[in-house]
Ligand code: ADE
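One chain comes next, on its own, written as structure tokens: the form predicted on its own.
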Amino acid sequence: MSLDEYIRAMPKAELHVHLEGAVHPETLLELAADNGVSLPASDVEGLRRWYTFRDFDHFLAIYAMICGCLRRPEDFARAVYEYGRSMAEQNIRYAEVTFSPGTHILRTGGLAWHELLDAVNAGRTRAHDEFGVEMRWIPDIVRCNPDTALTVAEWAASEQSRAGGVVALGLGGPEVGYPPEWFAEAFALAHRHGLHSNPHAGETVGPESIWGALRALGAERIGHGVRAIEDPALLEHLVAQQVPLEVNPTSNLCLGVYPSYAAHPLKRLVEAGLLVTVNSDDPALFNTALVDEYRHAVEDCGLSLDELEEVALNAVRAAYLSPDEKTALLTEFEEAYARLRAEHGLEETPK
């Protein structure tokens, strides 16, 4: 069994994936045509060339245009369903999916919160029924729209949302100029209603962003967090508290955080004892998938097979599941890994 075959066969969970960034180029072209949006490319190859990011601001501009192609309830249901199909193809059993309601409702307009939530849940139900995959939701505040923060937090924290699969409040968008402390009130509101705190931090800004997310937002998991490697005291704290990191290697390369997989700190973070997970972030934009990220983790970042399996199990340990759900999924994954190894005589990382 090759490494690719082994990785594809492993059951997996994904904690850091953006719905808007998972829309396939072919689907995006159709949605743009349906909704009267003019894109700077008319075919898939043209879109892939367009997805060559000069910097993080350029990435955000492209991301905003993609968001503008999602207008109708059926657009969101389709995007969720197609991600669910991709989950099944990669043997991803569970995912916590981020999306940006403030952008779709307050900026693009046209939908109410209950319509958007119903739409993503229609896609979730269809994907579950057809593929057996499970998803939960992390609505996020977009940092550069701080005026929407409390509104998004109120939507996410409502009884309807929590009954509809919302498990956490996220914080995305540009870190530079928008520190976590600005959003403390919104996260406090979400916390009072039982939601988890799941901000992005430590991607394009260094350790101070992670410290801010921990102290001001009560962050329970950190989206990205790779810049923690720059601060020994922060590393010690994250290890002691076992705060999970949602690491996205290809995303970091595409957006210039690190120049290569060899330079990426994934291996060092794992060896330091952090609770690290590996994810795809915006798979369609970065031309990747979770199976690709696992392969890069071994072939290019230097993880052993044992370390890769531990990282995969960390995604279940860090998930916002009930204790019973988590125990059942961990048992299922561990038994599957042992069976796959035994069936194929794998003691070392497959070549």
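It should be emphasised that the depicted structure is a prediction, and the values quoted were computed from it without experimental measurement. Residues carry their position along the shown sequence, with the first being 1.
Although not depicted, the form predicted together with the ligand is the subject of the following passage.
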Inset, instruction - Would you please decide whether residue 59 lies within 4.5 angstroms of the ligand in the model of the complex, comparing each non-hydrogen atom pair? - result: yes
Inset, instruction - Decide whether residue 255 counts as a contact residue for the ligand in the model of the complex under a heavy atom distance cut-off of 4.5 Å. - result: yes
Legend entry - Proximity of residue 90 to the ligand in the model of the complex, heavy atoms at 4.5 Å: no
Inset, instruction - Classify residue 101 as contacting or not contacting the ligand in the model of the complex by the rule of any non-hydrogen atom within 4.5 angstroms, answering yes or no. - result: no
Inset, instruction - Would you point out which of 182 to 190, 78 to 86, 198 to 206, 144 to 152 contains residues with a non-hydrogen atom within 4.5 Å of the ligand in the model of the complex? - result: 198 to 206
Inset, instruction - Quick one: from 172, 123, 265, 244, grab the residue that has a heavy atom within 4.5 Å of the ligand in the model of the complex. - result: 172
Legend entry - Within 279 to 305, the residues that have a heavy atom no more than 4.5 Å from the ligand in the model of the complex: 281, 282
